[in-house]
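So this first bit is one chain, no partners, the form predicted alone, shown in structure tokens.
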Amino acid sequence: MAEPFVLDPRLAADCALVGDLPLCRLLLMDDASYPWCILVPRRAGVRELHELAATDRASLLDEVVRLSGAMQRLFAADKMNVAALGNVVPQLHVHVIARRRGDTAWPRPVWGAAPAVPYAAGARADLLARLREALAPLA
């Protein structure tokens, strides 16, 4: 019997659920400083890109590209940052961050640039709805 997918508790604590795409669970990082999503392939025990099956790697790249394009349009991003680090949370996950000149960390990476600024409940709900609508064709 295959091991079930379980989202790392640190990701669950720091994010809001946007929804599930064909391969990934899509999360919104609770930091209003940057439009910041995280894709987590729903595959148990996977820590590295090379551990995914070839078809899953292709699906992950497709979801990254589609999410990046949707976020760039939604947020008029100057640059899209895409990264899979995993030094703190080893479960494979890909950060997709819409960056704008003049944001809190520009032009540096967002990690550790400033404390996270949680979304107000209404703003988070609005953003989740906008993301879900933009990504509906993907789901």
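What you are looking at is a predicted structure, and each value in this text was computed from that prediction instead of being measured. All residue numbers are counted from 1 along the displayed sequence.
Beyond what is shown, the protein has a form predicted together with another copy of the chain; the following relates to that form.
Query raised in the report: Is it the case that L61, V64 and A84 all touch another copy of the chain in the predicted bound form, with a non-hydrogen atom of each within 4.5 angstroms?
Result: Verified in the predicted bound form; spot residues all in contact, yes.
Report task. Spell out, yes or no, whether the shortest heavy atom distance between R99 and another copy of the chain in the predicted bound form is within 4.5 Å. Result -> Output for R99 is yes: heavy atoms within 4.5 Å of another copy of the chain.
Query raised in the report: So in the predicted bound form, does L74 come within 4.5 Å of another copy of the chain, heavy atom to heavy atom?
Result: No - in the predicted bound form, heavy atoms of L74 and another copy of the chain never come within 4.5 Å of each other.
Query raised in the report: Can you check whether R42 is within 4.5 Å of another copy of the chain in the predicted bound form, heavy atom basis?
Result: Judged by the heavy-atom cut-off of 4.5 Å, R42 is well away from another copy of the chain in the predicted bound form.
**Report entry** Proximity of D78 to another copy of the chain in the predicted bound form, heavy atoms at 4.5 Å
**Finding:** Heavy-atom contact with another copy of the chain at 4.5 Å: present for D78.
Query raised in the report: Of 27-56, which residues get within 4.5 Å of another copy of the chain in the predicted bound form if you count heavy atoms?
Result: Heavy-atom contacts within 4.5 Å come from R47, E48, L49, H50.
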